[in-house]
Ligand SMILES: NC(=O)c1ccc[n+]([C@@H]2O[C@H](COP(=O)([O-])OP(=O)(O)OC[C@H]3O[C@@H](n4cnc5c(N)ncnc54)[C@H](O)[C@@H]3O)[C@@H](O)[C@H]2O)c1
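Consider the single chain below, provided in structure tokens and representing the form predicted on its own.
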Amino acid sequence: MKNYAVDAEKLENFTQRLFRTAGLSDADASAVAELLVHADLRNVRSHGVLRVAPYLDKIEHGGASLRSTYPVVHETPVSAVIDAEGGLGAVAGTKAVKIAREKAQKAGMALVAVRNGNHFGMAGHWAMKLAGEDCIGFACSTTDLTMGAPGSREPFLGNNPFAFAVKAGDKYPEFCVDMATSTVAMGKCKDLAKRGKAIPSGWMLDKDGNDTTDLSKCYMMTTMAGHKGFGIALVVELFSTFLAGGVLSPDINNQDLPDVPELSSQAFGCIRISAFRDLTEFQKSAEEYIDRLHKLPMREGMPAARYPGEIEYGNKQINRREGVVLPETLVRDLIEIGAKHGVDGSFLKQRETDRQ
């Protein structure tokens, strides 16, 4: 299968134009495009422009409202609750980040919860936006049913993702822990299938609770670290659904249904570092800590130890310089979508690459 290297800036502009023609404002279309392309820059392809088609389907068929005003329905100096009213996760997330950072600058920390939303994309995107230059950022979300309790045959909650991020000085600007509470994200399986690659054993379960590598037979995802992943998923539910007064996970709609909102809930947290200690001293300590991590003695044949987000940060630098890698099947789909919306996507096929 062919792969294409696509200029990230052009890809983001193309994506923004697609969503603008679908009825979004310039600002909202930009928020969606930035979210999706950022994921591809970090090689988190399960949350990249692979999502363009389902997002547009949601808008076209009414599952993602363009009428929502994303009102703040409850607020204190350190908190807020936003009702997304079935709107887009990228738009709700952008508003939540703005509010959380503004409150944290005044009060030292803040948490903003969102209810009645749709897919909010790569959790790390929001954690890094919340972190900025001077804070610790946290973001998490419920999702539609993808996991059960360990050993169960029925799903009970989503693979609720979460992320923490901080700038660990100029040397390490994107320290970011970002993970789903399933062994892998469902989008990862879809991405592998899109690229014609095998799905490893241990990621998916069929209706009988047995392991499967066939995406068409997948009924549930396995939990990260067994009961521990299940427990963390419940913690995400606590911070998002229960604080926001949102829809409980067993009652969330399938995110792939185009005509109804997912009704997921999110939480966006922000801690201003200088509320605890001098920011420069904090970042110096963080840099020194990671320097020591890099110097750990490793077993023969193993690469140097790396901090969370280091690989993805490296991917971003390469992809900005050499282009985001998209498979031929996805490029073809995007060109067809562009033609449907009157947006030229011919640039997507201009440069083949051997990069994976």
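Residue indices: 1-based, along the sequence shown. As the structure is a prediction and not an experimental result, all values here were calculated from the model. Take the two forms, find the largest set of C-alpha atoms that superpose within 1.5 Å, and that set is the rigid core.
Omitted from view is the form predicted in complex with the named molecule, to which the following refers.
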query: Partner-contacting position among M122, L88, V114, A127 - heavy atom within 4.5 Å of the named molecule in the predicted bound form; finding: M122
query: Heavy atom within 4.5 Å of the named molecule in the predicted bound form - the one residue of A185, M220, V81, I271 that qualifies; finding: A185
query: Any non-hydrogen atom of A131 within 4.5 angstroms of the named molecule in the predicted bound form; finding: no
query: A27 within 4.5 Å of the named molecule in the predicted bound form, heavy atoms; finding: no
query: In the predicted bound form, P54 touching the named molecule (heavy atom, 4.5 Å); finding: no
query: L296, heavy atom within 4.5 angstroms of the named molecule in the predicted bound form; finding: no
query: Proximity to the named molecule in the predicted bound form (heavy atom, within 4.5 Å), stretch among 59-67, 318-326, 283-291, 301-309; finding: 301-309
query: Residues from 178-197 in contact with the named molecule (non-hydrogen atom within 4.5 Å) in the predicted bound form; finding: D178, M179, A180, A185, K188
query: Rigid-core frame, C-alpha of W203, shift of 2 angstroms or more between this form and the one not shown; finding: yes
